[in-house]
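One chain follows as structure tokens, the form predicted on its own.
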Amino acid sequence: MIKFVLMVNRQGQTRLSRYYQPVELGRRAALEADVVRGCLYRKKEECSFVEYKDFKLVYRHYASLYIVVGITESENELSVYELIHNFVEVLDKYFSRVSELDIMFNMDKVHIILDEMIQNGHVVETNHSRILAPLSALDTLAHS
């Protein structure tokens, strides 16, 4: 099961956070700081899977952003690794070469995309067209 999804820049600033299990607000900042520190300072040659406390971290680095997913011990790391790539492909398809600014200024759309892919910590959709269908409908309504 997926516990959380974080998107952070190279400076360690969180650009997106989505939790699928309750975490107190006071604990979130400390958790995010630890997780980011654990992933940002690893070498490129090192594995993208990290054991962290009672769960595992799977991360990928794209341009200036890191996407970090916290998962339970029973979750398949490779499938989550590919899910991260799929998420970035969908973002690229929608934003035409997604950037950190696209994430910052279109947070609602990024959350819609993530919610179409993951619900209650489980992957429910990976098809790009189906994931983008609600946003296409919203864009059509906005332009009419």
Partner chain sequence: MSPSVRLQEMIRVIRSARTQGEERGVIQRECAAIRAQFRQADNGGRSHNLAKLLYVHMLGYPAHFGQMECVRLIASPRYNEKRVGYLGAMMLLDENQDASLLITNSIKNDLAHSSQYVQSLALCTLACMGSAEMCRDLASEIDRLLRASSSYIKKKATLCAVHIVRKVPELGELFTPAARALLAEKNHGVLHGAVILITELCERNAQTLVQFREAVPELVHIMRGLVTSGYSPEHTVAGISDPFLQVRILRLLRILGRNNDTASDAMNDLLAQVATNTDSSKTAGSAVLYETVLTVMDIKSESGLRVLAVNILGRFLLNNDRNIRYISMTSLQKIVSTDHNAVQRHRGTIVDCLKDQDASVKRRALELSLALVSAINIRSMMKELLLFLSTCPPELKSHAASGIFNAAERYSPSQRWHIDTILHVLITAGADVRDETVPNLIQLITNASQLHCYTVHKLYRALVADISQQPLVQVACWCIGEYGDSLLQGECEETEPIQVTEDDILDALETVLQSHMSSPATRGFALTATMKLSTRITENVDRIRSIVSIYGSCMDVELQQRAVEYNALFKKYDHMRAAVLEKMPVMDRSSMGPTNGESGGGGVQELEPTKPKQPEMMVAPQPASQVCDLLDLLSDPDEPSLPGGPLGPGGGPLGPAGLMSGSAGGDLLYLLGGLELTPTPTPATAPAAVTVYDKSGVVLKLSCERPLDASQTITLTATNTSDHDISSLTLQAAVPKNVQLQMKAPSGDSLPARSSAVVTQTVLLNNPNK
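In this text, all values refer to a predicted model and were calculated from it rather than measured experimentally. Numbering follows the first chain given and starts at 1.
If you look for the form predicted in complex with the partner chain, you will not find it shown, but the lines that follow are about it.
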**OP:** Give a yes or no for residue 46: in the predicted bound form, does one of its heavy atoms lie within 4.5 Å of a heavy atom belonging to the partner chain?
**Re:** yes
Subject >> 4.5 Å heavy atom contact, residue 104 and the partner chain in the predicted bound form >> reply: yes
Original post:
Even though the partner chain is not shown here, does residue 10 get within 4.5 Å of it in the predicted bound form, heavy atoms only?
Top reply: no
**OP:** May I ask you to state whether residue 77 is within 4.5 Å of the partner chain in the predicted bound form, using heavy atom distances?
**Re:** yes
Subject >> Residues within 4.5 Å of the partner chain in the predicted bound form, restricted to 1-31 and counted by heavy atom >> reply: 1, 14, 15, 16, 17, 18, 25, 28
